[in-house]
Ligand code: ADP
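Single chain ahead, written as structure tokens, the form predicted alone.
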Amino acid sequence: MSLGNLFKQLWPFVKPYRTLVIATLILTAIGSFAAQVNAIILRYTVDHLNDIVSKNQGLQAGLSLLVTISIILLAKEIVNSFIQFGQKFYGEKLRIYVSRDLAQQVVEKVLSYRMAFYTSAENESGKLQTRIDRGIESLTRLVQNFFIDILPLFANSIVALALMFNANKYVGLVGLCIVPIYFYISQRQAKKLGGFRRRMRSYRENKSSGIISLIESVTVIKSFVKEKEESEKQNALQLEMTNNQMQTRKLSFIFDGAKNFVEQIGIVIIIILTAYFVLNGSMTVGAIMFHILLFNNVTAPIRQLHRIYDEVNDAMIYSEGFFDIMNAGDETERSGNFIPGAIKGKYELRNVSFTYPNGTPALHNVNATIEAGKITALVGLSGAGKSTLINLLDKFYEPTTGEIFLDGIDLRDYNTKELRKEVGLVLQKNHIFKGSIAENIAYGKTHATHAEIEEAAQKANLHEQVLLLPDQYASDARLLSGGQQQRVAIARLFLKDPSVIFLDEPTASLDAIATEQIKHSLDAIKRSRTVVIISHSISQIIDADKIVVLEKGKVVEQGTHEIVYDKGGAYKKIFDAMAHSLNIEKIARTLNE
């Protein structure tokens, strides 16, 4: 990310606020001239005082001079106060607005990407969060500093340099020659530190991701007494970060020392040169102070250059990751133009294969038909590709090869948003959002009435449990038990009332009685709908109109329960294992007694 490219990427976010930019530029121009007043007044004061003293005019003449310069300097400070306030206020206002727009834009972008984007190892939640946070922080700080620090400083420097040349071209040349040397050193510093800064970005992303992983896995860590090992992993990362930081600071101090040396050499040359011109009579004593103050105005941005370079380089480095997220156009979820009127729900998979973005193959040449208005059960061992198949049917992913048709139309041609309005999904572990139980149930139908929410909760056998809570439907949904949260997800399904339902272990988190209750509720909503279910529950599988058996990403058997079971293949082994795990024989004897 070059500086030019960075500003090109950033400009669309600044452009809407160009009025603020213009106002800041005008104030900067005025301020750059006001900054030179001290040097001009000092020169005038020293020369006139020298004349007064040499002519022995006394205190009266000196008082008149002091009153005049006091009024001028006071007026300048008043004007300068308004200028600085305007620059800082407009710069901060611009920073806040750009920060808001960047944050909103990246949220909209992230939400528009397909699932493959999130399964990439480079896009883990912790890494994405670090890239977004650090990117927005560094970019908005760059915008603010550009208008509050960089522009005023360099405008002051240019005006001061012009005044130096106007007063004495030789002194002006000294100031002009020092600047490129200082810039060269700063550029070398930036180049040397670039690698260290990129490594630091990677360390911070890994650290953030690691901490999130620790919090999510704390129960497992404690149960296996692995606190020490996990702490050592984090300590190793911290040591690498510390070493990288020390190397960065060491190089910074070396280059800062070199830049300070160059600046001081410039001041020495200015003093010697102006003293020479005073001695040969071509320059007044006041001009010495005049040129030194102007040279300070020239070198002011140079003294700040290391900080500016640090922040610019931070912005360039962190903007790479940030704009990678913003510009991941090939990751945008694809959507067709076909808007279905009503979906019947007949899926046809033709030679479908799928490989995850990380290279893991999941499905191989799958051919299957899911009949409309029927219940289809996907059966197979863990890793067989059942959940992957549902992800393809719900258009979270697209097949690597092959085609999927829904009601005779290629699934790629469907408008994704309109399609998903007709599809319901209940997972083994469903996400509960921050908010009340009512808000979570109504997530799929925001404008649902309270009566509709209660009805959905009743169908999911959740209503009576909610009434026992102090705040009832206003209670925080995240405080519910795992089984209750699963019922919230099922209640969402009832409220959405979709044409197609995907159930991925919908009763896995529920106890036996709750499972039976939910089964009856699901049986009610399954009628006249296309249902695809993944379950290790015998009752759920037996009720299916069709069973599709997957093994290592391939369809090995399909048909009704009786037909597939009689084949004596993979399905029979899985079904028998389920039955034995339930100790069916003992259960049957108990029931017969």
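Since the structure is predicted, the reported quantities are computational estimates derived from the model, not experimental observations. Numbers for residues come from their place in the sequence shown, where the first is 1.
Omitted from view is the form predicted together with the ligand, to which the following refers.
Engineer: My question is simply whether residue 397 lines the interface with the ligand in the predicted bound form - judged by any non-hydrogen atom within 4.5 Å.
Structural biologist: Judged by the heavy-atom cut-off of 4.5 Å, residue 397 is in contact with the ligand in the predicted bound form.
Engineer: Is there a heavy atom of residue 385 lying 4.5 Å or less from a heavy atom of the ligand in the predicted bound form?
Structural biologist: Taking the distances in the predicted bound form, the answer for residue 385 is yes, it comes within 4.5 Å of the ligand.
Engineer: Please determine whether residue 174 contacts the ligand in the predicted bound form, using a 4.5 Å cut-off between heavy atoms.
Structural biologist: No, no contact at 4.5 Å.
Engineer: Wondering, does residue 362 line up within 4.5 Å of the ligand in the predicted bound form on heavy atoms?
Structural biologist: Yes, residue 362 sits close enough to the ligand in the predicted bound form that at least one of its heavy atoms falls within 4.5 Å.
Engineer: Among 356, 323, 255, 443, which has any heavy atom within 4.5 Å of the ligand in the predicted bound form?
Structural biologist: It is 356 that has a heavy atom within 4.5 Å of the partner.
Engineer: Which pick from 381, 468, 342, 107 sits with a heavy atom within 4.5 Å of the ligand in the predicted bound form?
Structural biologist: Comparing distances to the ligand in the predicted bound form, the residue within 4.5 Å is 381.
Engineer: Select, from the options 288-296, 84-92, 246-254, 386-394, the stretch whose residues sit within 4.5 angstroms of the ligand in the predicted bound form by heavy atom distance.
Structural biologist: Of the options given, it is 386-394.
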